[in-house]
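Only one chain is shown below, in structure tokens, and it's the form predicted on its own.
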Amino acid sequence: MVERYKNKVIIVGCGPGLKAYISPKALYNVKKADILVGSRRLLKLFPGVDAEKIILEKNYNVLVNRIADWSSARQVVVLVSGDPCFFSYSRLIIKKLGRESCSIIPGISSIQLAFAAIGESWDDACFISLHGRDSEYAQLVKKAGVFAKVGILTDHKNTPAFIARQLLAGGIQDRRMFVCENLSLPEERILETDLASAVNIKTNGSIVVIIKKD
């Protein structure tokens, strides 16, 4: 049987935002790309890379088919934020191409950096993503009620204030909230508060929320 994909698609974890967090191996493989796929923000990290650059927006399903076609003759490198194996676009790519046709280079997840920022271990935590997901609120309340630590990926709608209101409405009260804003960037901000006060928090940028039992 003829191998369909001549080149493995390389999926690179670009970490939490600052280029200094990207591993040397990741940088080496990005330079090998014939086609570089990623969000506008991630592509801007590599202005000097001589590759055809494809913007990843909300064209996930269409683009994964093109990635499969391109990889038959060219080296495709896909940039993802954080770690490719943690709530990432890489899941869709691997499902389409198969694990044997992909090579994954890990990155530092914003969750990992958030726990480091507040000085807490994360091996005993539970995780949930509310990024682009409006049907996970019941799971959020359930996990916050069971686990002493919950790490949450957010978006512009599911803000810390909104999350606090959801938890309070679900009967969760004796918890601290850590708001980790723009991690690794110059405007990084770490806030600690109780849930009642968190409903008034104003934030701007990329946010990771950690809920910790008092």
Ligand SMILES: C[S@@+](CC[C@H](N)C(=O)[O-])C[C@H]1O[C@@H](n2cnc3c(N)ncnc32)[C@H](O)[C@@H]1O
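Throughout, we count residues from 1 along the sequence that is shown. In this text, all values refer to a predicted model and were calculated from it rather than measured experimentally.
Quick note: we don't show the form predicted together with the ligand, though the next part is all about it.
By the criterion of a heavy atom within 4.5 Å, Arg74 is excluded from the residues contacting the ligand in the predicted bound form. With a 4.5 Å cutoff on heavy atoms, Ser206 counts as touching the ligand in the predicted bound form. The closest non-hydrogen atom of Thr159 lies beyond 4.5 Å of the ligand in the predicted bound form. Within 4.5 Å of some heavy atom of the ligand in the predicted bound form lies at least one heavy atom of Phe86. Proximity to the ligand in the predicted bound form, defined as a heavy atom within 4.5 Å, singles out one entry of Val150, Leu183, Leu36, Ala164, which is Leu183. Of the stretches 93-101, 138-146, 116-124, 77-85, only 77-85 has residues with a heavy atom within 4.5 Å of the ligand in the predicted bound form.
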